[in-house]
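Only one chain is given next, in structure tokens, and it is the form predicted on its own.
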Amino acid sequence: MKGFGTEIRNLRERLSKDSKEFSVRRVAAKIGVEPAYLSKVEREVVPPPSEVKIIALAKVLGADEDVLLALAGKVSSDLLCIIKDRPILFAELIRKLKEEPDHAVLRIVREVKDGDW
């Protein structure tokens, strides 16, 4: 599995082939960090940035913020609040889902979304 920085670099470089808007300097400016810092993040010299900066990166790069947060070893604050409300239940659920194949988890997600369960 790729690290957070490697994934950010890959996403940014893919986009930079078509537009100069995705240079390290321009992306760093869009999310409010120094280019040198973003470069260090991409090279995994420093740990991933804060949740706010990761969400900003996701928006700039057109990526899923939850995926980037997970790659950074973080959980979004809204999900954390949900888990904190019922920690035992969600811990049990997540541990059980870990054992299930993807198609079974996707079926559960669809059922919850549809309200048909």
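The structure displayed is predicted, hence computed values, not measured ones. When you see a residue number, it is the position in the sequence shown, counting from 1.
What follows is about the form predicted in complex with another copy of the chain, which we do not show.
Among the residues 53, 40, 30, 74, the one placing a heavy atom within 4.5 Å of another copy of the chain in the model of the complex is 74. Looking at residue 83, you'd find a heavy atom of it within 4.5 angstroms of another copy of the chain in the model of the complex. Remark: residue 18 does not count among the residues lining another copy of the chain in the model of the complex, judged by a heavy atom distance of 4.5 Å or less.
Residue 44 falls outside the set of residues with a heavy atom inside 4.5 Å of another copy of the chain in the model of the complex. Residue contact check for residue 63: none of its heavy atoms lie within 4.5 Å of another copy of the chain in the model of the complex. In the model of the complex, no residue of the candidate spot (34, 36 and 58) has a heavy atom lying within 4.5 Å of another copy of the chain. Along 69 to 104, these residues reach a heavy atom to within 4.5 Å of another copy of the chain in the model of the complex: 70, 73, 74, 75, 76, 78, 79, 80, 82, 83, 84, 86, 87, 88, 89, 90, 91, 92, 93, 94, 95, 96, 97, 98, 100, 101, 102, 104.
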